[in-house]
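Starting off, we have a lone chain in the form predicted alone, written out as structure tokens.
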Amino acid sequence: MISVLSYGRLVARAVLGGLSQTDSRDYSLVTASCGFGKDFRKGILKKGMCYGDDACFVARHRSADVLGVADGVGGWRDYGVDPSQFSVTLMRACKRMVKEGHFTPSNPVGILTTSYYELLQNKIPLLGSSTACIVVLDRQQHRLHTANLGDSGFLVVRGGEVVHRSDEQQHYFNTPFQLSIAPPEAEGDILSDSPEAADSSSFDVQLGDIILTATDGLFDNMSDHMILQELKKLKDSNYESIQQTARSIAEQAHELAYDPNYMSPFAQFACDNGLNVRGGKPDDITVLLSIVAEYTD
């Protein structure tokens, strides 16, 4: 059974097309989530806001809607560490910070930075690594502020075209930027990036814009063109339609991940790096699908 998280059960009144600069309405995000853990086919499911080693959150405050995804680095399993604990704890810290109002909408890097340093200060050491992507909608300013560290990311679609896209951050092939906490004796041997290294961007959004935020399990298995084809199924801005489309995207990515004959974006990237690879890339998949809508209480 597919696990689906749902958020933002609002009556959305989205209007396609441009708006004048005098538009005084507040905006909001109506968001649905769907995903699969890599071990889904083995019948291994986890409770809570995570799919496998991925984690996500959606939170609201007076001034903004905030969402995020994180992908726990699976290599920690070799050291007896559950990779999902780091990503889940990081996203929980981000969510709590937003709900308590301890953030500035224009500074999503700050949300990530404060949450990460909170993990560092835990009395009980939490070991692990994770990529992270934070997206903030400033309701009154109608602006989206983003921070992306690693190879999770987001797309903004308007009029059937991608108008904004996050930049992937890789040290080298299949080694993304990541936040890490290592045991003292291994600190020099574990790859760890500063949250301030996250790529950030800010831009205006319009009512009806589609925002897709996901971990690399989606982007490694579906090209932007394929995602856009699925988004055509999104006929309106009501929650049920968004949920159905999020499910459709996650299902297709999951099926392609196990197709040995499919030339996936990951396989193409591997070939570009001199590796003879074909097929999808089995991985955890998390999809947050949002529409910018007029805010309603």
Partner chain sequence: MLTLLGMFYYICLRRRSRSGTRGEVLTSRRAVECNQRTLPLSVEVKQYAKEVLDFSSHYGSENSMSYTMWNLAGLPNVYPSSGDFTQTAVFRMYGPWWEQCSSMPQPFPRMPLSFHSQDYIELGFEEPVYPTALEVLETYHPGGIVQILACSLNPFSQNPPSDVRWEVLWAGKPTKSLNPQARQFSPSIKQISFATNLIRLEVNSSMLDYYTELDAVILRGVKERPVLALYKTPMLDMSDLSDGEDEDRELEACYGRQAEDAKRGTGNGYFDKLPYELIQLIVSHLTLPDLCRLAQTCKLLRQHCCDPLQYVQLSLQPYWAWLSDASLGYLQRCCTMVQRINLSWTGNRGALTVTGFCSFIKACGQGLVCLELSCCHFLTEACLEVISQTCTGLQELNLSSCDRLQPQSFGHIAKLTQLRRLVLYRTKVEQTAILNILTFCTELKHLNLGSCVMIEDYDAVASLLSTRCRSLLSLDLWRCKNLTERGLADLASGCRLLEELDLGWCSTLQSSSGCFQNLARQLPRLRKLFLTANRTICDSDIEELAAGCSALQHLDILGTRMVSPASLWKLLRSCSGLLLLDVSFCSQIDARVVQELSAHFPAVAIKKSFTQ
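What you see is a predicted model, and the numbers here were worked out from it, not measured in a lab. Positions refer to the first chain, counted from 1.
One more form of this protein exists, namely the form predicted in complex with its partner chain; it is left out here, but the text below deals with it.
J.: Decide if the three candidate residues 97, 118 and 123 all line its partner chain in the model of the complex, where lining means a heavy atom within 4.5 Å.
T.: Checking in the model of the complex: 97, 118 and 123 are all within 4.5 Å of its partner chain.
J.: Can you check whether residue 102 is within 4.5 Å of its partner chain in the model of the complex, heavy atom basis?
T.: Flag for residue 102 set to yes.
J.: Find out whether any non-hydrogen atom of residue 184 is located within 4.5 angstroms of its partner chain in the model of the complex, and reply yes or no.
T.: Contact with its partner chain, yes.
J.: Given that its partner chain is not shown alongside this chain, does residue 211 nevertheless sit within 4.5 Å of it in the model of the complex, heavy atom to heavy atom?
T.: No - in the model of the complex, heavy atoms of residue 211 and its partner chain never come within 4.5 Å of each other.
J.: Would residue 155 show up as a contact with its partner chain in the model of the complex if we use heavy atoms at 4.5 Å?
T.: Judged by the heavy-atom cut-off of 4.5 Å, residue 155 is well away from its partner chain in the model of the complex.
J.: When its partner chain is placed as it is in the model of the complex, which of 171 to 179, 123 to 131, 196 to 204, 137 to 145 ends up with heavy atoms within 4.5 Å of it?
T.: That would be 123 to 131.
J.: Just one of 73, 109, 227, 93 has a heavy atom within 4.5 Å of its partner chain in the model of the complex. Which one?
T.: Looking at 73, 109, 227, 93 one by one, just 93 meets the 4.5 Å heavy-atom criterion.
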